[in-house]
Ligand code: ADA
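Next comes just one chain, in structure tokens: the form predicted alone.
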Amino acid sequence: MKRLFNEHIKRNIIELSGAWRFLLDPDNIGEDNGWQNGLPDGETVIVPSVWNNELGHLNYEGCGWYEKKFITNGGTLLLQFESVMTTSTVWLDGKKVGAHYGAFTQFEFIVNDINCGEHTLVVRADSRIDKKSFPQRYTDWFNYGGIARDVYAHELKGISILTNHIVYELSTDLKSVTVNAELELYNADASTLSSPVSVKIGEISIYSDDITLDGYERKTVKTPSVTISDIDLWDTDAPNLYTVTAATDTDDLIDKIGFRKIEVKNGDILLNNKSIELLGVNRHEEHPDWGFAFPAKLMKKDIDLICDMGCNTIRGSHYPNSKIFVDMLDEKGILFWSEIPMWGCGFGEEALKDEDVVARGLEMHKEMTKFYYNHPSIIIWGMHNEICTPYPCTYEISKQYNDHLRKNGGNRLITHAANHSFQDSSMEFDDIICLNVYYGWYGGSLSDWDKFVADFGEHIKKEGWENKPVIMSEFGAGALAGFHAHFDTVRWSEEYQRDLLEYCLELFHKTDYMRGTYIWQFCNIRTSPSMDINRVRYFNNKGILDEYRNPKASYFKVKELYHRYSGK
């Protein structure tokens, strides 16, 4: 996996990104015609990529087939995919090895008894949307198709380490930490094997013991707890990271962690026992030239721009972002809100009552918490965004997702982004209440904000939620880059967007019960043709930068205000 550091030293990894053969399948006839054994024709494309950025395929929704030949030493392989849009089926040498639903999260298949030599990997990606899809058709970003992130073949030998979660609790004075590891082990051999297993944090050993596994057995091992003194905390001003190394005789797994404490208390958000105001933006990992196959170089540029603006947090709207991007946030001390792609009113009552839909959402939460667990920058798990929360079925979904995140999510705050501010019973489960409101754009005017803020303050008291901090998770206005007006009330002008954001930020900053803001949004994004409201150019133009990261007038106003609020 592409990270800021090497995850393995002992393990041999074959990078499969690069040139693949590719063939569209608009009639979905490929499997019937035997394409899983190898493509009969096609063009060369570069993976990762999405086909909607290719000439002639702009609005194609359907199936696309990929073929890659590679050479391996054989034995047991772990085939690792960082993201395929959206339904994927995988064959190795014509034999189906598995299928997966959902973009944006990593998935893996283990295959045994592979001969040394050349092999053919075939992937069918299907971007079609139906009633059970995540997201639904009516959604405010573009439904790209393809292999959007990197692909690898890992050669597993002996007892291998699949995952390692470092579970910890800081002491009251935050000077020591009690830790244990939760290791997922796998015997890649057909025969019973034993191996010493060790876990180190920095140079400190927290576990060492012998483990025996039967052939092809998978087992989770929870190590005893160990206390480490005199630790350096991970914080926004001092993002101290520790290298975690788990190893067996034949395999290893390396990760980075940081020790920090996030909590809410008396209506405030505390990071390492200190009050913090969240100053952030919503960011899509999307670009008009690359779609969701977003290059790491541009990730760094986005982070540099966001830091320059004075932000201390980013919301990954509306899906898990690339792990290398979250690595960058870990290193920079930028806080992150990660969520699944359960967006908006497309998820109506019929979909929310569908057991398959509910199960898909839960599986996405499981994948997100499994593969992003150790990242210290992730301080918020988001259950869903703007779904129809007044429905009783939504309350039950929120309860189920909340239960999973609390049990498996580590030290994080849990929330959802609500657009039914006064009718949302799911706020009961939230650590922080997050509101998406657009006065001055989707109806209303700037003067309506003051009444809303006063009314919602009374509402949380009435509901008994006055100890829950409130964040404005979305607000903003569209602006066409380069369009200026003599009158600042002209919609779509850079001046109107700038003044609306200034009004909102100043109001929210001085409101006692509000503890943060996530502006909608960092930059313009391509959106779905199904979004037929205020989507000039089929882009959501609420970015404070345009889609090529050129600043609008609001960028400089937000920079001025965020730096003043943080005192930096």
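Residue numbers run from 1 along the displayed sequence. Given the structure is predicted, the values throughout are model-derived calculations rather than measurements.
Beyond what is shown, the protein has a form predicted in complex with alpha-D-galactopyranuronic acid (ADA); the following relates to that form.
Contact label in the predicted complex: residue 124 to alpha-D-galactopyranuronic acid (ADA), heavy atom within 4.5 Å: Contact with alpha-D-galactopyranuronic acid (ADA), no.
Touches alpha-D-galactopyranuronic acid (ADA) in the predicted complex: residue 442 (any heavy atom, 4.5 Å): Yes.
4.5 Å heavy atom contact, residue 436 to alpha-D-galactopyranuronic acid (ADA) in the predicted complex: Residue 436 belongs to the contact set for alpha-D-galactopyranuronic acid (ADA).
Distance check, residue 365 to alpha-D-galactopyranuronic acid (ADA) in the predicted complex, heavy atom within 4.5 Å: Contact with alpha-D-galactopyranuronic acid (ADA), no.
Residue (of 51, 520, 35, 66) lying close to alpha-D-galactopyranuronic acid (ADA) in the predicted complex, criterion heavy atoms within 4.5 Å: Only one option qualifies, and that one is 520.
Listed residue (255, 330, 386, 251) with a non-hydrogen atom within 4.5 angstroms of alpha-D-galactopyranuronic acid (ADA) in the predicted complex: Of the listed residues, the single hit is 386.
Options 104-112, 378-386, 456-464, 397-405; stretch whose heavy atom lies within 4.5 Å of alpha-D-galactopyranuronic acid (ADA) in the predicted complex: Within 4.5 Å of the partner lies stretch 378-386.
Within 4.5 Å of alpha-D-galactopyranuronic acid (ADA) in the predicted complex, all of 149, 154 and 323 (non-hydrogen atom): No: none of 149, 154 and 323 comes within 4.5 Å of alpha-D-galactopyranuronic acid (ADA) in the predicted complex.
Stretch 129-153: residues contacting alpha-D-galactopyranuronic acid (ADA) in the predicted complex, 4.5 Å heavy atom cut-off: Stretch hits: a single one, 140.
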